[in-house]
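A single chain comes next, written as structure tokens; it is the form predicted on its own.
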Amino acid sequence: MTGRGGDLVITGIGELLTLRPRPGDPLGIVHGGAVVVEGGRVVFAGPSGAMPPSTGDRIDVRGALVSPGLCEPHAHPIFAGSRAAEFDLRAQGRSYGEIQAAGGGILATVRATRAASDEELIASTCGRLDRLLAHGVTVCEAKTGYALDVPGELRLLRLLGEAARRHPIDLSPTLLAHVPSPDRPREETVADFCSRAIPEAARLGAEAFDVYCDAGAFTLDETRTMLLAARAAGLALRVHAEQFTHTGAADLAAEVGARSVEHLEQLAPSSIERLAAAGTVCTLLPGAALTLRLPWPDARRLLDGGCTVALGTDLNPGSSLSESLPLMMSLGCMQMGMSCAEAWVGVTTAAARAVGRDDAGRLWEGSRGDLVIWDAADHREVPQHYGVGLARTVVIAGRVVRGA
């Protein structure tokens, strides 16, 4: 969003999650708190008795939980078509090869996306952003990836820009090299990304470049070539790594200074120290592990090894069709060894770091005035009460954009 934000005063807060960590309290919890936003920025977040005078609009939340706006660090929101039949086939035990033979898989989405009009793609993307917003998301990383050729990927990037202009969620666009195009030799696809797509994406406002490195996608050498080209173009780096097979892509991500590395179901224990030392955010995607019946990413081991762990939905049509970050928090707690506080960090400050929004995912002086009022009194209720929408009111830059 651009322009000056709103002025708002939130009072009557039961639990306020500032995400300003203190010893023994990573969430910076204030009981009986208040938040003051002026010009779209937080000027106060603390005990209500210390609140300064303000003329902003007032909301008394009557003991509710208030948190920063959630940050979605890994999403594929722009695509067309449905793969519901594929979901049913998978539920019946069909293999990915059988599904592809029946016309499913990523190429089904590519065909539908290429055939959709610009307006259809913008409208469906904004619909998904509406559902993310309904679950408390105020910042969202948004990948291309369902065209596979350079003109198509640049088209999707331009359409993400238009969706960002129409929607209140702050989008961070990422150019994704998803899988090699079936229409031409793979070495030409890699060369086209390096010489054409990456430089043009940087001019179009892409903030990051991502490569899917795995069996059936790009090799480790191809991934390195494209990441180095993107780094030279000034883009932040991301890597889809170690999802189905161990490729060494996580070590490569640490080596080249990637901002984030995603998935990590097949991560080698030896990679943890490298990722921690590099400061690369480990973005875990429990929705994909659940859908595809993969091993759960080992959040506990990553956290104990000193890594920063974020949680994302992996919103996409084939392997994680969900816009619910709170559900990913639930799975992180129930299946991946995370505490409730660690799950909250995973969708706020850690996710904001993965997206390059250091002023998001927190509520203290100078941070953006994005917050969520929850139908809950205790922060642990949000991951505990899984599969429901508890976000009552969503505020972006001091303005109520959903709820009352």
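Residues carry their position along the shown sequence, with the first being 1. Keep in mind that what you see is a predicted model, and the values were worked out from it rather than measured.
A second form of this protein, the form predicted together with a small molecule, is not displayed here; the remarks below concern that form.
With respect to the small molecule in the model of the complex, the three residues 96, 240 and 318 uniformly fall within 4.5 angstroms at the level of their nearest heavy atom. Contact with the small molecule in the model of the complex, defined as a heavy atom within 4.5 Å, holds for exactly one of 209, 193, 146, 218, namely 146.
Interface residue remark: residue 83 is counted as part of the site for the small molecule in the model of the complex, having a heavy atom within 4.5 Å.
A residue is said to contact a partner when one of its heavy atoms sits within 4.5 Å of a partner heavy atom; residue 106 meets this definition for the small molecule in the model of the complex. Of the heavy atoms in residue 314, some are within 4.5 Å of the small molecule in the model of the complex. Residue contact check for residue 178: one or more of its heavy atoms lie within 4.5 Å of the small molecule in the model of the complex. Comparing 74-82, 120-128, 325-333, 199-207 against the small molecule in the model of the complex, the single stretch with non-hydrogen atoms within 4.5 angstroms of it is 74-82.
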